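First comes one chain, alone, set out as structure tokens in the form predicted alone.
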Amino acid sequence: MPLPGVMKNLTLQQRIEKVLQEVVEKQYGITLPMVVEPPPKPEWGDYSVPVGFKLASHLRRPPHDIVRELAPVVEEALADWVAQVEPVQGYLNLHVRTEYLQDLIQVTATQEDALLPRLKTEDRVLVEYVSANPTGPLNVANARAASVGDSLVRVLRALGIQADSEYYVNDGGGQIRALEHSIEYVLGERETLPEDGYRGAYLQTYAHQVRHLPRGKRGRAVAQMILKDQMKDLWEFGVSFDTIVHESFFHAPDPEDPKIGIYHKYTQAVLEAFDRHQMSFVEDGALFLKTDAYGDEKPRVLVRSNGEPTYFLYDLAYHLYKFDRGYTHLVNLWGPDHLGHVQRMKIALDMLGEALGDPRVRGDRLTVLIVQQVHLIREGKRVAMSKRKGEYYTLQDLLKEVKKDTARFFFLLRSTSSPLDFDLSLAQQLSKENPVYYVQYVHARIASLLSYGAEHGLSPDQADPRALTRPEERQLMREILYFPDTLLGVARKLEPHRIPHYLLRLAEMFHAYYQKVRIVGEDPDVSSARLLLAQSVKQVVAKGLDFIGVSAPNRM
């Protein structure tokens, strides 16, 4: 999903991209977007842009000739921010003025949100995540989705995007019936557990709490109890939702009404729109949607031959409800078992928008992140879990072994598209090998350092950043420069794992700086400037940790 809106406060990287585009347009009459990124090695500059390679096919000239020609023009255009523009092969390597970095540090140290880019947009984003069945406790895969979704909402809101969070309760007929039958088995009212039944000791407690209810009413009652406990677990995990929507809302007006054909208005609107535009057809008593005519591999069932609607139909009604509430961009976090559902859902939304004549309803306004599985590792061995055997490792189990901060940090160490190995033994260590401890310790160390400086009459408030001249200091300033673009990358790509990786790089640089340089030394001017740099690092670390729901302690 492209990031909606227009930037109000451009980052330096965006300013450079804008100026470069203007230079190329003026020089060659060619309009091309410029992609400016940090180079792999610091000696190659602070930013690098492959403009020669981009223009070579247009100008029919070698890339190195183009960048040699452009370098002095670009250097003049960027003189306020850039000290040197170096042509290398087909790249322009840009060296930012040290004075600019020094001034940036002074602002960052004193203004908490100084580095946050802001977006001006009327678009609204709805992030739906976790959305577990209310048939059992939340597991570690749900916890990973919770970490990702909550962090995304935090970042989007910080950038000025209207973003809301939502939890979709899958309390439809199939799951509730299976839960009902499982309760009957637990209470001794059934001889065998149904094939689709739910196993696990957790069901014993719930079943005995509803045994007084008549058969047929217990499944929904237990589902409500489980949902309440799921919300409690998520709250302890630092996650809450703006809205909770139930699948049963899209069934009959009365969820207990057994009559087939009495649908909620959104479900009915979907069926009528498809029927009106001849996008659906009946075969062998079942109702199909002609998704194959729009690129799907086959038609999809909306209503089974027995008259029971499919989850697909209710999901379409739910997404229509999302758009109807004014959301312009939808982000869904789904498990890997839903991978095959993504394309057909986008196709069906395009069809629905066409049938309704509603330009808001479009498949390209839905972005689905597939959150891959979590494998728990203990002392080098994978922890065995089996849904079939009822062997669960729940979010509650995890929080009994690992602190919330650690769990949330660990869940974001890999992209959602990759399975995650969660090392329980490492997560329990209080050492630099534990990544969250390593980052949090920077914040605590700097808090102590600032207190020590104050005791010696030193304050970063009146510091002159021009005293920061060491290479290690410039490296730290350079890394802080990249923080706002890291956040934009999170929002553009919907990849919150960029934040912990950024924080680990910054932490590594500061720990090395602290070991090599005496921050509070004999020269008060230099000491104050170094405290200013440390305070700036502290501000960025605190803000980065907050975006991923992790605390920034002053003592450890």
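Quick caveat, the model's predicted, so the values are computed rather than measured. Start at 1 and count along the sequence shown; that's the residue number.
The discussion below concerns the form predicted together with the RNA, not included here.
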item: 4.5 angstroms heavy atom contact with the RNA in the predicted bound form for Phe249; value: no
item: 4.5 angstroms heavy atom contact with the RNA in the predicted bound form for Gly200; value: no
item: Contact of Glu37 with the RNA in the predicted bound form (heavy atom, 4.5 Å); value: yes
item: Asp337 within 4.5 Å of the RNA in the predicted bound form, heavy atoms; value: yes
item: Triplet Gln209, Gly353 and Phe547 all within 4.5 Å of the RNA in the predicted bound form via a heavy atom; value: no
item: Heavy atom within 4.5 Å of the RNA in the predicted bound form - residue from Asp80, Glu433, Glu379, Glu122; value: Glu433
item: Candidate from Ser448, Gln224, Thr328, Gln84 lying within 4.5 Å of the RNA in the predicted bound form - any heavy atom; value: Ser448
item: Which of 232 to 240, 357 to 365, 269 to 277, 424 to 432 lines the interface with the RNA in the predicted bound form (heavy atom within 4.5 Å); value: 424 to 432
item: Partner contacts for 71 to 108, taking the RNA in the predicted bound form and a 4.5 Å heavy atom cut-off; value: Val88, Gln89, Tyr91, Asn93
